[in-house]
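Only one chain is shown below, in structure tokens, and it's the form predicted alone.
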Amino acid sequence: MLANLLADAIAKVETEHDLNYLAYYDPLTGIPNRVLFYRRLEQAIDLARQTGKKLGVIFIDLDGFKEVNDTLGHDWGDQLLKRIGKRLTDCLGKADLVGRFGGDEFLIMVPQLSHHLELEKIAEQVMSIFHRPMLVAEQELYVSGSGGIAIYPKDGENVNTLIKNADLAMYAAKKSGKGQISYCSGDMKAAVHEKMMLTNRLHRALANQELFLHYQPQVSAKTDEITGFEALLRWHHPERGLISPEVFIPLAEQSGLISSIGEWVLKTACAQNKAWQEQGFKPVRMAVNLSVEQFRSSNLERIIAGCLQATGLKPRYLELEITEGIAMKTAHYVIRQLDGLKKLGVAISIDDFGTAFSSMSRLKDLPVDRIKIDQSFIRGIGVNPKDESIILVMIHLAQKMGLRVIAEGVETEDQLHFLSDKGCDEVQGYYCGRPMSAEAIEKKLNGNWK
């Protein structure tokens, strides 16, 4: 009886120990998990507040870890994470704490700092673990990591703010070239605040009619006759005025708003083109850009068919522009999506052409109608003979494949003459016409604009 009670007591203790381990430690690396790290960091912040000392949080993210998993397998990836967890633990002092935040992310807490130089020394030790290869399955692997540092109380006075700002600094390090460590700065925090404010406002911009379209003419390089327009999205912020598309379009993509905004752009542009035709203007095509998210959507074909039906615009007067980055992907869905769009009767063009020059041979597999030579090459006309040579190659290649060529970013008469002489079909840019409102376009068309 006593033996049974003793066995039950031991089993209970072991079970509690196992449950405690699972609750607070990462089962793969054996180091503290997010829950325990948060708890210890909160305690360290309370102590730092009492002692007047500083505290550092270092956020580490591996560079290219996905490629390790994809090429070598998840078993190798797991072994690599174990090695890194051990190296981080070994390079830190007894008072410091390393935890696995999730995936290939690690957090390090350095408490009770008297001077920032102490943290700099520890940061150097942390980054030094990547200088030597990791031994995985008797193979040497070189992997780098990017780090971000936040300091209490300057960069936050609670757990969530400190970790968020360390994460922010880590992404800044990655943007700087990876394999580096970066301190959180006031500019970083201001940029994040600005991004958050703009994103919040962008959620209401469509409903508040703050978004609108301008239209830039596309003209024949030989005759100056208008052959089409490109619809360009604009945002007039009620307090800040016009916001650059280079700023708000990435925000729309990151926040998931690009699908609803993109559909509005499609319908508005189609409706405008149809309205011009009904006013008696010569029918021309309307070019609309598709984002990566729009292009990947399984509903894209249905959305475009719906826009055409709702506005009454014939498909041949709509051109969909995709970036060269999308077009040159080898995934099967690219050709399948393009084939589906072509069956609707719309035209397809590849925007920013030439920026992925090494993939030009893939053109033969794509059901497209037109390429748009990127403006970076157009700026080289009369300045850089190499740019001129590349333009000639692109025009020649397109002609051999039965594709039309449009050059974007044309700003001078010399650029126009060069392109016309070399066989470019159409041009677009400030020299031929700036982006304008629909009303301004109509006034110019009524004034016998070609």
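The numbering used is simple: start at 1 and walk along the sequence shown. All values derive from a computational prediction rather than experimental measurement.
One more form of this protein exists, namely the form predicted together with a small molecule; it is left out here, but the text below deals with it.
Enquirer: Should L251 be classed as touching the small molecule in the model of the complex when contacts are defined as heavy atoms within 4.5 Å?
Expert: No, L251 sits far enough from the small molecule in the model of the complex that none of its heavy atoms falls within 4.5 Å.
Enquirer: Would R234 sit within 4.5 Å of the small molecule in the model of the complex, counting heavy atoms only?
Expert: Yes, R234 is a contact residue.
Enquirer: Is there a non-hydrogen atom of V410 within 4.5 angstroms of a non-hydrogen atom of the small molecule in the model of the complex?
Expert: Yes, contact at 4.5 Å.
Enquirer: If we define contact as a non-hydrogen atom of the residue within 4.5 angstroms of the partner, is N273 a contact of the small molecule in the model of the complex?
Expert: N273: no contact with the small molecule in the model of the complex.
Enquirer: All three of T29, D61 and L88 touching the small molecule in the model of the complex at 4.5 Å, heavy atom to heavy atom?
Expert: No residue of the spot touches the small molecule in the model of the complex.
Enquirer: Just one of 121-129, 173-181, 286-294, 159-167 has residues with a heavy atom within 4.5 Å of the small molecule in the model of the complex, so point it out.
Expert: The contacting stretch is 286-294.
Enquirer: Looking at D352, D104, D96, E319 here, can you tell me which has any non-hydrogen atom within 4.5 angstroms of the small molecule in the model of the complex?
Expert: By the 4.5 Å criterion, the partner-contacting residue is D352.
Enquirer: Which one of E140, E246, D187, D75 is close to the small molecule in the model of the complex, taking close to mean a heavy atom within 4.5 Å?
Expert: Exactly one listed residue reaches within 4.5 Å, namely E246.
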